[in-house]
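Quick setup: one chain, the form predicted on its own, written in structure tokens, and binding and motion questions come after.
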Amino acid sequence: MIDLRTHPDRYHHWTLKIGGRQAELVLNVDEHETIGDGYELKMNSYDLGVDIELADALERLRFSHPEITTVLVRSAKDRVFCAGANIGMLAGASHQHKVNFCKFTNETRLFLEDTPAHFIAIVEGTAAGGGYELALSCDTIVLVDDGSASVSLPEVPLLAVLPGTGGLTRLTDKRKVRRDRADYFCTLEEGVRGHRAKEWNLVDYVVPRSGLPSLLDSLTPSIDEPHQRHVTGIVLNELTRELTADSIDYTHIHAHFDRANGVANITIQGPDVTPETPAELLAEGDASWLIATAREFNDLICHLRFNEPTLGTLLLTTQGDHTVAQHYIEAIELWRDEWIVDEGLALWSRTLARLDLTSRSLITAVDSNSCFVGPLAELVFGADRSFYLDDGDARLTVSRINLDAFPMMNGISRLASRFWGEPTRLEELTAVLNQALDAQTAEHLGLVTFIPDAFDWDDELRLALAGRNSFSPDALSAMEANLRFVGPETMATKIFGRLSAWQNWVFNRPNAVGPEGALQRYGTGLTASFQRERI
């Protein structure tokens, strides 16, 4: 079983150094500390375990060290920044693991880009493949020119796969590298060095080693200015959970696995009490409902992705006092300028985005115990289907934060995605903000799919779950991924909807993973044998 929880005391590959308002993330991969068997992590290459630590370090930077304004990302190894995803791991991993590994690394790179501090990648030596993709996710790239330092995306010529951790998309959309130059660059095994890398905008600065300190001195003050924070962070303690064969229990979330029907029944407990002031919420630290529940939900989603591939449907519901939950969210809305609230909502936003990208059917049930308010209401608005028990009680509320605090990967809210092409629907919602809505009203406003009464409730849910379980999981994954993200396209939707989808196809092709494919023959001295048909 893959455990996605970690702590800096147990890091094997990354070191997070804090000094004043600056931090350093230093990559020094332990070759032998792998998350799987049959490979070594040479040349600062990475597997899922390396990225779990990076994601954890980024979370701690945001919550425990909000004073940090600049983060230097560098390598502790001589003459190599990072060699990217480990080839032995990719060659031996199952298709399911490769896809979820790439999804997690892409989410982590986007997480890095979303972190308020300014990230500077200091490339000393080679940054190849995913190593350069890591640098691409930083705000600034400095190439320390010693005559051999280079950046490269050699996946196509060497491995018959794609620079799939956002590499192709970031080249053209973020770095704005000209398309023909990007095409040439992505077919070079050796990559690009020195001033050509700067000329083509592959890096921001090229400096000799002796010039690095003064360059960083010149960069840091100007970068610090717009990100200054004068606050003290909170401690992120390790999540506790109880795992059995068919369930996971956290403090605020219970998940029971119905393996016969491929369903994970997930119940999220709403808040019990509302803090009186922002200071009280800050004093609660990582035990506050806003932060603790988001961390637990994030861990559960990742656990299901990597460890429970046959649970194809997530049945989501909530439990708690709707009035208390509504008061809690109204307080949060008033305190949005407080950094701890801002970070808590951002954590929920990332968690909900991870749920959107999870290849499972999402069905939400609003029943007699529910309290769908604020981030919990997003589970209704973002579901593939939702059911609301029509018994006259009101347990769903649209809050102001539902309009802008939790953007999807397409850059707009779940409500805006839901009503794409129907802007008057959103206008109607502004008239009912912070009002508890019953099933009839919610259906009239277009917020839910079905509103069975008590007589039909159990049968309607049972038929919906059974129907989902009868379809092809592959077809469902593809259908849901296409229906969930309507409207505008962003760099993130291009990465997940286009680059990743193509990479997942390439991962199934014999030219990459067949016995004579490039991934299998890499490092053997044998040349890959390609099927020449274009599909």
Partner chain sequence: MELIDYDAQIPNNVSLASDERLKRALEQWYPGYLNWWNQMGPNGFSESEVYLRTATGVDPKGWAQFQYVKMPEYRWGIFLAPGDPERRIGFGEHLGEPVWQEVPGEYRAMLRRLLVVQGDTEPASVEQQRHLGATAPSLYDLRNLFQVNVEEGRHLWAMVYLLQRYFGRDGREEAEALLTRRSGDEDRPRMLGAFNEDTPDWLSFFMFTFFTDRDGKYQLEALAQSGFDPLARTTRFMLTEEAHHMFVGESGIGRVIEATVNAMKASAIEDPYDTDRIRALGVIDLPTLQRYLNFHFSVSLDLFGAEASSNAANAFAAGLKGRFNEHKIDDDHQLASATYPVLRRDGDNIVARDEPALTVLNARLRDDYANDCTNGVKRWNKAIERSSIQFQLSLPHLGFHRRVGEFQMMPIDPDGHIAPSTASFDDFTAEYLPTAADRSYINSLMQPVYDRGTYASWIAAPKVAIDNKPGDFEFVRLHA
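Keep in mind the model is a prediction, meaning the values are calculated, not measured. Positions refer to the first chain, counted from 1.
The same protein also exists as the form predicted together with the partner chain; that form is not shown, yet it is the one meant from here on.
Q: Would you mind picking the one in 459, 189, 428, 276 that has a heavy atom within 4.5 Å of the partner chain in the predicted complex?
A: So the residue touching the partner chain in the predicted complex, by this definition, is 189.
Q: Heavy atom within 4.5 Å of the partner chain in the predicted complex: which of 176, 259, 444, 209 fits that? Just give me the one.
A: Only one option qualifies, and that one is 209.
Q: Can you check 361-369, 189-197, 236-244, 338-346 and let me know which stretch has heavy atoms within 4.5 Å of the partner chain in the predicted complex?
A: Comparing against the partner chain in the predicted complex, the contact stretch is 189-197.
Q: Residue 498: heavy atom within 4.5 Å of the partner chain in the predicted complex?
A: Residue-level check for residue 498: no, no contact with the partner chain.
Q: Would you please decide whether residue 79 lies within 4.5 angstroms of the partner chain in the predicted complex, comparing each non-hydrogen atom pair?
A: The answer is yes: residue 79 has a heavy atom within 4.5 Å of the partner chain.
Q: Indicate whether the partner chain has at least one heavy atom within 4.5 Å of a heavy atom of residue 145 in the predicted complex.
A: Heavy-atom contact with the partner chain at 4.5 Å: present for residue 145.
Q: If you check in the predicted complex, is residue 527 within 4.5 Å of the partner chain, heavy atoms only?
A: Residue 527: contacts the partner chain in the predicted complex.
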